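Taking the form predicted alone, here's one chain by itself in C-alpha cells.
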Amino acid sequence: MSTATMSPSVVPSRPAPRPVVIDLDSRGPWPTLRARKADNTTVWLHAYQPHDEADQWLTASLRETDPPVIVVIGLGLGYVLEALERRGSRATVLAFEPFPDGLPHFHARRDWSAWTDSGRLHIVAGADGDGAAAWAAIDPEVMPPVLVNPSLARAFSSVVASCRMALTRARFGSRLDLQTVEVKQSMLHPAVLTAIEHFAAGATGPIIEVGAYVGGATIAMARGVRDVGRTTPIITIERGGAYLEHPQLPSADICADLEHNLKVRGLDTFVHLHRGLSTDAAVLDLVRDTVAAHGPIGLLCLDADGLVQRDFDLYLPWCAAGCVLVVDDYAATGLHEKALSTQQGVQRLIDAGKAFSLGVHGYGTWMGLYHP
C-alpha cells in the first residue's frame, strides 16, 4: 500500500489504431450494427435475436435487483433499453457509446423521447468522451453497476477499458470520486482500480488477491465479476491485525473493515476471505481445489509485504497463459526496500521471458501478462 504522490503512468508506446467502421445490417429478423475492425474482420454488435440476448444479459448482470442508475457500455441500437422496459425498470441509464457512428441508427430505429425527455437516458459519445456533465446531472448516491455489451466485451476489450476510464474521469470531483476521503477505500490510484475492475470482469479463471487491507481492490474485482453476471471465484488473502498509524486509512481491525466494506456494497458473497498468510497450507489447498474445479488463475493481484518472488513461486504454477498480473509498490516513495524487492521479482519474471509488461501505472503499480 503505497503512500507515494501521484506520478504519471508509464506505458509502452503503440501506433494509433485504425478506426472501426460501423454500418447497419438489416438482413436478419432484427437490425444490428456491424463493426469492421482494422484487420477487416467483422463483429456484429447484437445477436441474431437481440431481444433475447438483452434479456439474458440483464438477468445475468442485475439478477433480481432494480438499481436506480445503470451504466451501459455499448448502447448499440438500444435493445438493452427495451429489455429494461420489459422488466418494468425505471432506472436512469448513463450510456457510453464508443462508436458514435452507430448513434444515428440508434435514433432512427424507434422513438426514444420517453427516455430522453424524462432525463432517464444520457449518452456519452466516443470511447474517450467527457461524461462529467452527464454524471453530474444524474448524481447517483451509490456506484451503479456497469453493464458491458457482450459483443464489445468479447471483441473490443481495449475499447471497453477506455470507456471505463472515461467513467472514472466523469466521477472526479463528485461525491463518488474515489479520491475523496468519504469514498476512498484504497491507496491504489483510481485508474488502477478501474483497470482491476476491467480485468476481473474479463477473467476466465479464478482471481487471487494477496494483501487486501480494507478492500479497495477487492471491491473493484467483486464489482467486475458481479456486473458481468459470472460466478468467477475470488480468493482474498489478508493477514489482518491493526494499522492505527496509517496516514489516510487507519484501521483497528483490518479484516473486519474489509468484510464491512464488502457487505455494505452487497459484494461479500463474491469473495472468499482467508485470514492469514499466502504461505498458509489451508489457503494453498483452497487455491489448488479452486483451480481444479474452475481452471487456472486468470488474475493475480499482489499487494502485501513486497516479497513478490515468494508469491510468484507459490501461485504462478496455477496461472493461465495470459493471466493478468497486478503488483503494487513497484515504485513507492518512502518504501525503498519494499519497492526494490518488488522490482527484482518482477524483473526476474520478465528476464525469464515469462511476463510481458503493461507498464507502471498510478502511484507505482506494475501490470503485466503471464506467459509460462
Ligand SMILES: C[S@@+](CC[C@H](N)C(=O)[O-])C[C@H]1O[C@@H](n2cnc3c(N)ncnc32)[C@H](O)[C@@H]1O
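Just so it is clear, the model here is predicted, and its values are computed rather than measured. In this text, residue numbers run from 1 along the sequence as written.
What follows is about the form predicted in complex with this ligand, which we do not show.
- Using a 4.5 Å cut-off to this ligand in the predicted bound form, not one of 54, 109 and 122 places a heavy atom inside that distance.
- Of the candidate stretches 95 to 103, 231 to 239, 111 to 119, 284 to 292, only 231 to 239 has residues whose heavy atoms lie within 4.5 Å of this ligand in the predicted bound form.
- Residue 216 is the only one of 224, 298, 216, 76 with a heavy atom lying within 4.5 Å of this ligand in the predicted bound form.
- Comment: this ligand is not present in this chain, but in the predicted bound form one of 208, 195, 72, 188 has a heavy atom within 4.5 Å of it, namely 188.
- Looking at residue 278, you'd find a heavy atom of it within 4.5 angstroms of this ligand in the predicted bound form.
- Proximity of residue 203 to this ligand in the predicted bound form falls outside the 4.5 Å heavy atom cutoff.
- In the predicted bound form, residue 146 stays away from this ligand, with no heavy atom inside 4.5 Å.
- Shown alone here, residue 324 lies farther than 4.5 Å from this ligand in the predicted bound form, counting heavy atoms only.
- Scanning 297 to 326 for heavy atoms within 4.5 Å of this ligand in the predicted bound form gives 303, 304, 305, 310 in sequence order.
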